[in-house]
Ligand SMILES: NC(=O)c1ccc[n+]([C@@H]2O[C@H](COP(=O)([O-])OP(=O)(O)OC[C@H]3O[C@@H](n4cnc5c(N)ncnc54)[C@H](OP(=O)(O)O)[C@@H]3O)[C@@H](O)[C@H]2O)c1
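Only one chain is given next, in structure tokens, and it is the form predicted on its own.
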């Protein structure tokens, strides 16, 4: 698969390395542009690209940036994605710790629904409940009894199937599928 990742922090970089090692083509983008992460991406087995290029000709997109930065992504970035295209949100909302306050979420809107409203498309929640160290170090081959399981949550079963395969490729397994 060809995978676009927006976010070159701990989770984005760990996933880039895992997916590259599994044989996938990975395009890694950040807010400062490809030159700022060219060497980093190369060391991970990925290609540094612009945010717009991370969405072009890929089979899945992973957004691994702080939740409050989602609105800073270019408007219309995902306007032309095909149906059942997996867009993953790895983030969690940490108001006052890392994120600026998001009034809609504080008023009760589900975090993933808020992200969907910002992006203009459905999202799959996965890789948001594991620390990057565990993600990097605790992946195991299929069948290993010590293998860690993650939930995959979203409404689009086809997009979830793509992500279930990528969770497996990262050395993890799917614990359960949650339909919101």
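Quantities reported herein were computed from a predicted structural model and do not represent experimental measurements. Numbering follows the first chain given and starts at 1.
Keep in mind the form predicted together with this ligand is missing from the figure; the text below concerns it.
Checked against this ligand in the model of the complex, the residues 161, 168, 10, 20 give one hit for a heavy atom within 4.5 Å, which is 10. Proximity to this ligand in the model of the complex, defined as a heavy atom within 4.5 Å, holds among 150, 65, 115, 27 only for 65. Contact annotation: residue 130 falls within 4.5 Å of this ligand in the model of the complex, judged by heavy atom distances.
The shortest heavy atom separation between residue 119 and this ligand in the model of the complex exceeds 4.5 Å. In the model of the complex, residue 75 stays away from this ligand, with no heavy atom inside 4.5 Å.
Contact check for residue 52: every heavy atom lies farther than 4.5 Å from this ligand in the model of the complex. The stretch among 150 to 158, 57 to 65, 41 to 49, 136 to 144 whose residues place heavy atoms within 4.5 Å of this ligand in the model of the complex is 57 to 65. For the stretch 77 to 94, the set of residues having any non-hydrogen atom within 4.5 angstroms of this ligand in the model of the complex comprises 90, 91, 92, 94, in sequence order.
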